[in-house]
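Okay, so here's just one chain, in structure tokens, the form predicted on its own.
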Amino acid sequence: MISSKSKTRGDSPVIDVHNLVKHYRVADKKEGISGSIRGLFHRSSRTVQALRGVSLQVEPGEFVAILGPNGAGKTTFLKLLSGIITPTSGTAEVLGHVPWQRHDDFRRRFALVMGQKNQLWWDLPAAESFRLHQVIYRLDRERFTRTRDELVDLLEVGRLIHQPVRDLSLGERMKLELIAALLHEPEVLLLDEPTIGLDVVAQHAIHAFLRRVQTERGTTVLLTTHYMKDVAALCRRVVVITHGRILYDGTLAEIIDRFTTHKIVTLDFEQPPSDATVASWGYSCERDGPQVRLRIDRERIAETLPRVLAGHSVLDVTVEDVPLEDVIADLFRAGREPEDEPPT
């Protein structure tokens, strides 16, 4: 069993963010030699508004998904919470510390894993990097060994930790990255797309591992991802960010009820109905031979199905919610707006 830490579930949230704003100045460079020469005398730039007044509170032990399209500000948000960058304005506290002040006590109590960045030494076996983490975090040898062995056994990577990291697959490296991040038993774990590029087997292994670690340790976890399977498998709370603003903050179950007005009804007919018959039903549909998929208003399913089924031999009927991917995509589209200021 992974050693657990006692968590105080008092009135104070683990993460407390108020009106967090982050702007970047980005230079615009023209193509070609002439453009480079003109840039020496007349430089143009624009302001990228990564975060525009984000406020958020996370309680101890929560597992929160941060969703948003590319460029929405998700990674910027995690970098601010970890103290890698400083905000333009606003306040944030993580475990009672201001992250960008980078106090030693704070840095020992959180971990950041970025799916596209490596914290393990590329040319060394992971076991050597684990030893380095032991020295950096000043971990007791006995406790370090016990924690390392438990994490290695959970992910079944004992045969991998003595191979150079460069020789491992992406999924194998990500498992070892997670172990390195958890060796010092952080109270807050920030995950930036940890399953990006992984196959289904590796994703399932990491899901099971994170669920067990979060449950047994009571770790507070923030996860950014583009995979809805990650969200469905791990998170009860979802925060949707587009263009630096929070569009939704609530449970996974509520997001479907709140942002959809219809269900998907799939009917397998013994003989496919005619186009005129399908058109008479008056609903958007997709046809695949004898199978028809209809989008029907929630309130009208009971009155619509008898009319649709009348006079037809039906082999099977299923009624489902709109896929989570479609709901999130609609939210992303609803949050579209000009992102940047014009060049100055």
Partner chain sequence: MMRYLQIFGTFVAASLVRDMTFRINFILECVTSLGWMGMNLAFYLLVFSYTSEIGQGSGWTKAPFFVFLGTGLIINAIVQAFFMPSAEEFAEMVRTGGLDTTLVKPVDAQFLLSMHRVKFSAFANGLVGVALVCWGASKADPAPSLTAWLLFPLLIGCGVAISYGLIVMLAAATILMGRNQSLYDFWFYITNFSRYPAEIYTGPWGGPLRMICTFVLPILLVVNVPAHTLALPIRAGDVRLIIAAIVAAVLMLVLSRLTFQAAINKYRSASS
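Positions refer to the first chain, counted from 1. Remember, it's a predicted structure, so these values are computed and weren't measured experimentally.
The protein also exists as the form predicted in complex with the partner chain; that form is not presented, and the subsequent description refers to it.
The partner is absent here, but in the predicted bound form a heavy atom of 107, alone among 263, 245, 217, 107, sits within 4.5 Å of the partner chain. Of the listed positions (75, 147, 225, 163), a single one reaches within 4.5 angstroms of the partner chain by any non-hydrogen atom in the predicted bound form, namely 75.
Taken together, the three residues 25, 114 and 119 all lie with some non-hydrogen atom within 4.5 angstroms of the partner chain in the predicted bound form. With the partner chain left out of view, the stretch that reaches within 4.5 Å of it through heavy atoms in the predicted bound form is, among 205-213, 131-139, 89-97, 168-176, 131-139.
Among heavy atoms of residue 123, some come within 4.5 Å of the partner chain in the predicted bound form. Residue contact with the partner chain in the predicted bound form: residue 237 places no heavy atom within 4.5 Å of it. In the predicted bound form, the partner chain sits beyond 4.5 Å of every heavy atom of residue 253.
None of the heavy atoms of residue 229 is located within 4.5 Å of the partner chain in the predicted bound form. Residues of 71-93 placing a heavy atom within 4.5 Å of the partner chain in the predicted bound form, in sequence order: 75, 79, 82, 84, 85, 86.
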